[in-house]
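Here we start with a single chain on its own, the form predicted alone, put down as structure tokens.
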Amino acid sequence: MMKKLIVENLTKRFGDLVAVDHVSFDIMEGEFFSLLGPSGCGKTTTLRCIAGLETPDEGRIIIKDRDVTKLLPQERGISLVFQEFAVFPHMTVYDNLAFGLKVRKTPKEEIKKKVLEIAETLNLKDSLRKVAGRLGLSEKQRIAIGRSIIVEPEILLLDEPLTLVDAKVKEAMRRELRRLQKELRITILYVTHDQLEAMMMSDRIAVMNAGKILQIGTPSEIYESPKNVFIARFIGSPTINLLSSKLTIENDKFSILIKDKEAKIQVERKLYDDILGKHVGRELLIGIRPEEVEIAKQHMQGYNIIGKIEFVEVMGEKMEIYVKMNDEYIRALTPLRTDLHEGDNVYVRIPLDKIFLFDAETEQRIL
């Protein structure tokens, strides 16, 4: 597959604020690629630079082997859908879909043919004569996307397109958007602050913060191998546990002491000597996802953290359990259990093969 979009060292400043800081990534043809990050991280400014709505201070934007950095938006071969969907409410669905082709002075017969084809794909054929403003959000989203892809753009840019819809509609629209993308082989750059959206729909994700891209990978790569504390916290629901700890050497083994030596995890030196050796004595953070934490009512081997259940939140077939040990909590996500209640004293196991270790000062992952 060829690269459809290449972004090289893109930088955008607003006065003293560096909104986009030397951002680089590429998107393959037919790929669903997401820019994911919190509000104000620079993802929308990056998209606006690619669309030609902002002028970058540095860097290049290449679309299908063509440098478009200084071209006007209409010369770039892109289509853009905002979160409001931007349909013409007074026009029929047919006229909305045909609008871009009419602007390009496409022959009427070709317009009719393309509109009928895209309406069939988008399940809008029975709505072509309806006024767009009277339709529901799901139909409006399909109209906006249809109007964007009917002109056959090189890349479809989507800026937080599901932000304004409620949870039930959003779930259906996520599935619909992914189906359309796969069926029509559209190359999509999707901007969102919602990690669930990005994880469910994307082929690859670029996680952004403070104007920089911190990590690019598939959803599973980013979830299973976060490069730093920010990514570990931002990806995953419920949020990852981060426990204060310190690395020592005891009996020729690395020992990760959790919370003032109340519990420890031993690690074979021969396996990790090169990785952990330089971190002996340093403050660390242990990362463990709630679904990997194990809880028992009785003490067993490996269950070496003692705590008390403070809260239990039942979520259908699962329950989230908050265990307090001194002044911090560790959370576990388990199948529904009837033997665990608020106030119970319990023992907790953290599987060694499921932990992440971060340097507490740099917040970079070391294991």
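Residues carry their position along the shown sequence, with the first being 1. Note that the structure is predicted; figures quoted are calculated from it, not measured.
From this point on, the text means the form predicted together with a small molecule, which you will not see here.
Of the heavy atoms in residue 17, some are within 4.5 Å of the small molecule in the predicted bound form. In the predicted bound form, at least one heavy atom of residue 42 sits within 4.5 Å of the small molecule. At the 4.5 Å threshold, heavy atoms of residue 302 stay clear of the small molecule in the predicted bound form, well away from it. Only one segment in the set 318-326, 43-51, 61-69, 305-313 has any non-hydrogen atom within 4.5 angstroms of the small molecule in the predicted bound form, and it is 43-51.
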